[in-house]
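One chain is shown next in structure tokens, namely the form predicted alone.
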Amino acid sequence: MRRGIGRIVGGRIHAVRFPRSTRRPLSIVPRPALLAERLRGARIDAVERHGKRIAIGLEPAGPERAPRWLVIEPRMTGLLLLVPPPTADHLRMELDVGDRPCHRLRFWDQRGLGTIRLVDAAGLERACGAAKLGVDGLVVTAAELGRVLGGSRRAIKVALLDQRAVAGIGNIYAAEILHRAGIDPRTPCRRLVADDWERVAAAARGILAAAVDHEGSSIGDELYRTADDRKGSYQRLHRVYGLAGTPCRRCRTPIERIVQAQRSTFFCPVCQPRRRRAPPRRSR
């Protein structure tokens, strides 16, 4: 998403619209009328990603020159688009940016779970800083994973979805990461040893980087689209996610599906063997 909308940088916002909708309303702060007033005339200085959030840096128009950030969290079904949306009913916000040509940035959200916030520098730190988000999954190390998760009783798959522990890993990629690392998703974090964390960290960096290069995964109803309305292609490389009952590419054992924390988990019972007991503790 960040790469797809990067062309709006340098443009000035000259129109803001929040279309009326009968669908579930988004969480928008401040209220739409006030937000539109504050956005008009602002120049877009940057588009950044913080975990699963997009932060659009703004230089406000008028006497107030303190920078602001428009923080958008798409969540499950939110899309940032530079082309017409899939449906008009779920269009939540439109920004007309620049003049020749004008880029129309749209935020579309089918379920209405996304959020839009206008914040100052301190607000950006509260929303996206170290107290809110852990180290990014694209650069996480084994030492960092071991430090934040090594003592946890939670299953490793559930823990990887905790954005305060490690930012940017979603349900699809947590399953893929653990398959590549050869770790059962039900394994409590405290049972993992240094070599395990090395494999998890390496798998996270490699899989997330490849997923970015392939512009994400469009699965099921293929609702997820790029900014210019193309499907992602990383789903073609999935080894376990969404493949229950099909043979594992590595060992040909059927992939299994379970539910963890109300989310589907896919894994290979042979390539990701379950651990029955904790490894012996090292003596002090």
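Owing to the predicted nature of the structure, the values given are computational and were not obtained by experimental measurement. Position 1 is the first residue in the sequence shown; the rest follow in order.
The same protein has a further form, the form predicted in complex with the DNA, not shown here; the description that follows concerns it.
Engineer: What is the one choice in 123, 134, 85, 170 with a heavy atom within 4.5 Å of the DNA in the predicted complex?
Structural biologist: Only one listed residue qualifies here, and that residue is 170.
Engineer: Given that the DNA is left out here, which of 191, 104, 199, 90 has a heavy atom within 4.5 Å of it in the predicted complex?
Structural biologist: Comparing distances to the DNA in the predicted complex, the residue within 4.5 Å is 90.
Engineer: In terms of non-hydrogen atoms within 4.5 angstroms, which of the given stretches 176 to 184, 207 to 215, 134 to 142, 67 to 75 touches the DNA in the predicted complex?
Structural biologist: Stretch 67 to 75 is the one.
Engineer: Please check if residue 165 has a heavy atom lying within 4.5 Å of any heavy atom of the DNA in the predicted complex.
Structural biologist: The answer is no: residue 165 has no heavy atom within 4.5 Å of the DNA.
Engineer: If you check in the predicted complex, is residue 147 within 4.5 Å of the DNA, heavy atoms only?
Structural biologist: It does not: once the DNA is placed as it appears in the predicted complex, residue 147 has no heavy atom within 4.5 Å of it.
Engineer: Could you confirm whether residue 47 comes within 4.5 Å of the DNA in the predicted complex, counting heavy atoms only?
Structural biologist: Because no heavy atom of residue 47 falls inside 4.5 Å of the DNA in the predicted complex, the answer is no.
Engineer: Answer yes if any heavy atom of residue 17 is within 4.5 Å of a heavy atom of the DNA in the predicted complex; otherwise answer no.
Structural biologist: No.
Engineer: Check, residue by residue, if 53, 153 and 223 all come within 4.5 Å of the DNA in the predicted complex, counting heavy atoms only.
Structural biologist: Spot residues vs the DNA: full contact, yes.
Engineer: Mind listing which residues of 108 to 123 have a heavy atom within 4.5 Å of the DNA in the predicted complex?
Structural biologist: Stretch hits, in order: 110, 111, 113.
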